[in-house]
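Only one chain is included here, represented as structure tokens and corresponding to the form predicted on its own.
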């Protein structure tokens, strides 16, 4: 059970954030912004952190997950509220799984920078396919506010876009942490860490590196799809391809993982906290200049902690009582 001790730290951090959001007026939305960034970092960390492969097409999975929920709410709402929501989560997971299976089956045969280059155009390709072929509304997207109000009433619509959407993001974030902890302590995790450290040596040891990379890639993508379904579609009640496939979400997720510590359970938590709080409060203090100030600050943190903040803390905690809780 000691191997799962960092989960206590993770869950305690979520409880503290939720308590702060509920008890301090005006803090709920900043807290949810932090949890969103932690969640996207955790989902990417399952693949990037475990394998060392950079997936620049990550936002495409957030996008298809958002569309899965959008299609269910927009076209199948006559099924009733609960069946429609269940269908939305299923579609989000299936679409993310299909895209990851296709992209991973092709790109994961490449290594290192070649894989990263191969994934750069994935989100743009899916975006322009939807827009050009006029799939699910094409460039006009899916606007759900009127549909939800008409089908389920104004009160239900507000509940879905506030309480339910926020709860969904929190549940997905916690589930992602649990999945990460399980992978880190499973045969899958050991195989992924082995190939991350030396892929050729892992092959010599008999590890099917392509299979394990594909599994990690698909898990990461499904989790990303569920985040898109909750944090985007349910929260904003619309899906526009120009917005939901914006590559900045991929860049932000990569920064969060590297800041906190790639391949660690608590890395995305710390990285998400640092990134989201800096971005939010710099935007308030220095409107229009926040990105200019944020970039050098992040570079300084990464230079000071090349293994990530959690990697540094874990190294310092070795041999102490904190060792089992920081990983």
Partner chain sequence: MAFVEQLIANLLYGAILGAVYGLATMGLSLIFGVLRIVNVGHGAFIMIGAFTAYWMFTLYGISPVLSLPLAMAAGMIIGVAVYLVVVKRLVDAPELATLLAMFAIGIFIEEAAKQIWGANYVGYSWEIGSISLPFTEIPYTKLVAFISSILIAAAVYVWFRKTKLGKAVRAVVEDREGALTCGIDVNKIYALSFSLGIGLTVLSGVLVTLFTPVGINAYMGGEYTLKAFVIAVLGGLASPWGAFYAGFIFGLIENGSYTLLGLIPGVEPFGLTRFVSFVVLMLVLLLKPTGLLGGE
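Numbering follows the first chain given and starts at 1. Note that this is a predicted model, so its numbers are computed, not measured. Think of the rigid core as the biggest set of C-alphas that the two forms share within 1.5 Å after superposition.
Missing here is the form predicted in complex with the partner chain; even so, the following discussion is about that form.
Given the stretches 264-272, 281-289, 34-42, 61-69, which is the single one in contact with the partner chain in the predicted complex, using a heavy atom cutoff of 4.5 Å?
Contact-bearing stretch, as computed: 281-289.
Which one, 75, 136, 152, 128, lies within 4.5 Å of the partner chain in the predicted complex by heavy atoms?
Of the candidates 75, 136, 152, 128, 128 is the one lying within 4.5 Å of the partner chain in the predicted complex.
Are 17, 98 and 165 jointly within 4.5 Å of the partner chain in the predicted complex, each by at least one heavy atom?
The answer is no: none of the three residues contacts the partner (heavy atom, 4.5 Å cut-off).
Just checking whether residue 142 would be counted as a contact of the partner chain in the predicted complex - the rule being heavy atoms within 4.5 angstroms.
No, no contact at 4.5 Å.
In the predicted complex, is there a heavy atom of the partner chain that lies within 4.5 Å of any heavy atom of residue 178, even though the partner is absent here?
Result no; residue 178 lies far from the partner chain in the predicted complex.
Report yes if any heavy atom of residue 254 sits within 4.5 Å of a heavy atom of the partner chain in the predicted complex; otherwise report no.
Yes, residue 254 sits close enough to the partner chain in the predicted complex that at least one of its heavy atoms falls within 4.5 Å.
At 4.5 Å between heavy atoms, is residue 303 in contact with the partner chain in the predicted complex?
Residue 303: contacts the partner chain in the predicted complex.
For a quick check, can you give me the residues of 105-122 that have a heavy atom within 4.5 Å of the partner chain in the predicted complex?
In sequence order, 106, 109, 110, 112, 113, 114, 116, 117, 118, 120, 121, 122 come within 4.5 Å of the partner.
At a 2 Å cut-off on C-alpha positions, does residue 26 qualify as shifted between the shown form and the other one after fitting the rigid core?
Shift at residue 26: below 2 Å after core fit.
Check residue 291 against residue 246 at the C-alpha atoms and report closer or farther in the predicted complex, compared with the shown form; the change is 3 Å or more.
Their C-alpha distance shrinks by at least 3 Å in the predicted complex.
Quick one: with a 3 Å or larger change, is the residue 302 to residue 16 CA distance smaller or larger in the predicted complex? Answer closer or farther.
More distant in the predicted complex, by 3 Å or more.
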